[in-house]
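Only one chain is shown below, in structure tokens, and it's the form predicted on its own.
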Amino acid sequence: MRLKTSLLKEPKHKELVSCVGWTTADELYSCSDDHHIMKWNLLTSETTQVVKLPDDIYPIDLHWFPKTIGGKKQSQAESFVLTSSDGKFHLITKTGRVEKSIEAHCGAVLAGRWNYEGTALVTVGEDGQIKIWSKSGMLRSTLAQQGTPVYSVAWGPDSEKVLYSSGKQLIIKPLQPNAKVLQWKAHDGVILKLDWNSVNDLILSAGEDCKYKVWDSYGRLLYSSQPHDYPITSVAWAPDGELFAVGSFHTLRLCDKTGWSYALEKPNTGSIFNIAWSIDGTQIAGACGNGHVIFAHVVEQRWEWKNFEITLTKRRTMEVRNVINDAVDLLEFRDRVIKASLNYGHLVVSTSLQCYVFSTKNWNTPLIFDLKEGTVSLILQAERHFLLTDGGGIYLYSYEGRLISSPKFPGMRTDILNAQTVSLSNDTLAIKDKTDEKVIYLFEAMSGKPLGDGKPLTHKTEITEIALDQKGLTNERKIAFIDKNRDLYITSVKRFGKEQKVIKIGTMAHTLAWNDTSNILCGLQDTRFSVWYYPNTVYVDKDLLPKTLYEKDASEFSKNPQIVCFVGNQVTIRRADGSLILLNISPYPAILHEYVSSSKWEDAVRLCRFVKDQTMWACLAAMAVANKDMTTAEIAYASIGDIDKVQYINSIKELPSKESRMAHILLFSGNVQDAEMLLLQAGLTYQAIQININLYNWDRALELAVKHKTHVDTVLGYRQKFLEDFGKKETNKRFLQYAEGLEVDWDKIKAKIEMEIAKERERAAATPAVRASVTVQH
């Protein structure tokens, strides 16, 4: 990826340009110390003067009123705020009429910013004050008073906090009084510029120490650049939070959100005092010290999938290269390309007005449909369909271009969604809520309705990244997520009534990805790269999970690596310096998944015998138990030396009725309630009581015995025996109450048990056909 810059031969402004701002993707306003405000039209390459300001107004910062808020077009999108050196800020219309000039600070007003909703304006000045104003320019409050000039300010993503600089310090101050203020030393020199992105919640800062840095919203340093030759005078996030631009003397850089640099340009501009990204995130404009306005286009983005490599060569042209036979195709578009995604055999490209869907089998006939809103901020693909988000909403389309659904939830803000906070599979869509970060909303992909009982998934701490598995049955869909404490959890998505357990499977995880063809999960935990070959093991036999895990030392990937994708048996990891590393993992677990999904148990056993790997046997054991195939499970457990489990499986096989066997398989996986319910439904009350006795669930055993008026003496007998073995006395009131006047006669109890077992055998023999169809729902 690089920047394609363009500068006019002669500057249009006589003095330095202090600030720039885009109105549309093709129109820019610039303000200069020569008191002129100019309008640049990129389509016609014309420059016109909008207005000449009075000679005492030297502009410093400009910010356009937000255009769209929650998908609704604003009436006031035609004006901007301009701060100036005379201590005022001015509300100016698009035509250049000064609506209002308001006395704001002593000394220059160094920056002014509208919040995302357009309901408030924050200004900072040389007098060290941070002030909040209403839309019409009425002073609401003075948020803070610093002893040094405040050079730069930004709103937090939810417009509830303000970030500003004071000398070498960065300060985040919430608007609520008495809320905790976060302050830290960020640079060794005065901080000149900062920016806070609403999508990725990361902070940029640039200072006179010639460095730029990336921080998270807790003030933790994620990246620090090498010192440059000159102070960094401007930084700005791209709207989608994937890139940022850095400006300095004769220097313009394009960087990834993790900090490393894609491209460095050395244009003849003097210092670049201000950088503004266009609304669609495809180009930047810079306000230059020598009177120029520099324009730069982001080109040569690359997308890779299997044997295809696609490059955006010009604004409206893509080059597709098939690396197997070196065939090259050129794709031409009517408008400029804004976003693209390549996965699952399809390339989806959104331009400013249309969406193109190409199949990798045929590049000549794309499917084209018009877009409602225009600027697409995110494209996500699954095997059967893809998702687009724009300012107005979330839309799911089939690869034939048919709109499938448009999910909504209260307070949804689509402009701040990214690949970490949205996940799509063939049947499910998961979205992390921004207003309450502990909540994940789950939708049916086909209808756009909330899943199950409509309740979202709620976690105990804030969630940072989510991912849905891509394969398997809909009712076994799993979601993995990482929370603020860097713990990795997995849970089931289908949530009818019964609350599924959220189980922790990893710690210190900072990135994760599911495989595209089988349900294998990979992640980076601290200094280890881990692959969970069968994460579902946690619901089948928790003890097996460590045995189904593959781990490798990840110290070679340096600090903070990110998993880019996990396709086939290849994992692509991007290191902190931007280099890509390819990791190959064993192809056998994926083959095992394939065999099991088509119930080829003999082939699966044969594969494990061929590979001779404990991890494979452990995966097979868990898969077999999950699919109730106890014969295979017995072979697999024997191979990994779990003798106690082999014996238990043998005892299950000897049980007289199908229901008992099913119940004990459920017990094997720890689903006690399901097992008990199954037995009670089948009328096997004694067996239900017995499993509770075996698990020492004494209260439940007694409750069942009393409720069904049977085997109370059995429960009391076993309880007495249990207490005698430990030399304890009965203290439970309920047991004492039923023990009064009830004689425990072991001969009687044994006879009753024999009778129950005989009865069960008779039933099983009498109705084999009917009973064989009992299936377990869970």
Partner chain sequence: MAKAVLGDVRLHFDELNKLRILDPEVAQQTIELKEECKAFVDKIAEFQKIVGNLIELVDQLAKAAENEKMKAIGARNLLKSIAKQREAQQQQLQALITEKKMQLERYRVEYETLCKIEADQNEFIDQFIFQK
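Nothing here was measured: the structure is a model prediction, and the numbers come from that model. Residue numbers count along the first chain shown, from 1.
Another form, the form predicted in complex with its partner chain, is not on view; read the next lines as being about it.
This chain is displayed alone, yet in the model of the complex one of Lys645, His90, Arg253, His105 has a heavy atom within 4.5 Å of its partner chain; that residue is Arg253. Only one of Asn584, Ser599, Ser136, Ser651 lies close to its partner chain in the model of the complex, with a heavy atom inside 4.5 Å, and it is Asn584. In the model of the complex, its partner chain sits within 4.5 Å of a heavy atom belonging to Phe610. Proximity of Asn697 to its partner chain in the model of the complex: non-hydrogen atoms within 4.5 Å are absent; the residue sits far from the partner. Looking at Asp577, you'd find a heavy atom of it within 4.5 angstroms of its partner chain in the model of the complex. Under a 4.5 angstroms non-hydrogen atom cutoff, its partner chain in the model of the complex has Asp229 among its neighbouring residues.
Stretch 585-593 is the contacting one of 322-330, 358-366, 585-593, 273-281, since its residues have non-hydrogen atoms within 4.5 Å of its partner chain in the model of the complex. Of all the residues from 239-264, those having a non-hydrogen atom no more than 4.5 Å from its partner chain in the model of the complex are His250, Arg253, Trp260, Ser261, Tyr262, Ala263, Leu264.
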